[in-house]
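Presented as structure tokens, the chain that follows is alone, the form predicted on its own.
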């Protein structure tokens, strides 16, 4: 385990509103005035401290949130975006041009998979999907045209743990950018400390925590973030994935409770994972000592934040999974819904929802079963009650013995 404490980094970040407000003021402006034409002209050339040009570029509250997110990942700088997919697409398009290649983990979020498999080839960018649980497969896939390696720290939906230090060695040996999506494990894993170059989050999930907005972020070196916001060639500047100021202010406040929420999500998930395992179910959870990923996550995680709140179980068939999902919602376990990180438990069948963009034969190859049920475990105060309700449903369907 590692000793980095991202919560302290965030708590030490104090910003004030213009009248000394403990919450910084929300700048409800798309454009900003200048006292001289010279200053305006200079701001088009480079970022100037305390000087704002246009909210597609920067505005004060987005800057405050970006600075806090940089502290979360211990990065030099960060950029907020209007969604996680905006963060992923902007990063890929900033790094890669026509003729370039990306080597990607094959088990990733379906939207990312679709962007890589179906959209980027239209721009002349090729993506190779490999089993990143075998770092040697990454090495074999790299060519002189490879500009980016892409992975998820905890994969969606099979919860596989990426050996970021091992993949980083390959990336650095070939001067390739290693981009890691850390959406499933904020605070739990700090990819930049492990050798990643760029970290991405869908802030829609754990960072926000209340499923009431869509947002993303990119954390990296100041040089890379400056390249994204360059007025002439920056992907976020020119593509315009701007995060609304009101949402940025809300996210900044929610960020300060993330450490408490991640601990509780993790505690509840561990309780259920251990109980499910004792029932004889096939359980995917890296915090279980029986998991093939346990030793790796123990080596790379930050102490005190658990193992994330995501669990998956395999109930055999889609018919069983569908019945379980419907019944759990009726029994008030939580909601049949996609996404994650909400204070209530969410559950879905990934093969027919968040991973449905991946062809069935490739789902089977990566081990994504028709009967897989993915849980985003909530902040339940009585997790034992949730377990009783889940097992009640399982008994009715015949997944476990009555």
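Keep in mind the model is a prediction, meaning the values are calculated, not measured. Positions refer to the first chain, counted from 1.
From this point on, the text means the form predicted together with a small molecule, which you will not see here.
Answer with one of 128, 275, 147, 205: the residue that has a non-hydrogen atom within 4.5 Å of the small molecule in the predicted complex. Residue within 4.5 Å of the partner: 205.
So which of 266, 186, 84, 286 gets a non-hydrogen atom within 4.5 Å of the small molecule in the predicted complex? If I apply the 4.5 Å criterion carefully, the residue I get is 84.
Is residue 297 close enough to touch the small molecule in the predicted complex, meaning at least one heavy atom pair within 4.5 Å? Flag for residue 297 set to no.
Worksheet item: Does the 4.5 Å heavy atom contact test between residue 152 and the small molecule in the predicted complex come out positive?
Response: Close contact exists here: in the predicted complex, residue 152 approaches the small molecule to within 4.5 Å, heavy atoms only.
Whether residue 61 contacts the small molecule in the predicted complex should be assessed with a 4.5 Å heavy atom distance threshold; does it? No, residue 61 sits far enough from the small molecule in the predicted complex that none of its heavy atoms falls within 4.5 Å.
The small molecule contact in the predicted complex: residue 181, any heavy atom under 4.5 Å: Because a heavy atom of residue 181 falls inside 4.5 Å of the small molecule in the predicted complex, the answer is yes.
Heavy atoms within 4.5 Å of the small molecule in the predicted complex: which stretch in 321-329, 212-220, 115-123, 240-248 meets that? Contact-bearing stretch, as computed: 212-220.
Counting heavy atoms only and using a 4.5 Å cut-off, do 88, 109 and 156 all touch the small molecule in the predicted complex?
Looking in the predicted complex, the three residues 88, 109 and 156 all sit within 4.5 Å of the small molecule (heavy atoms).
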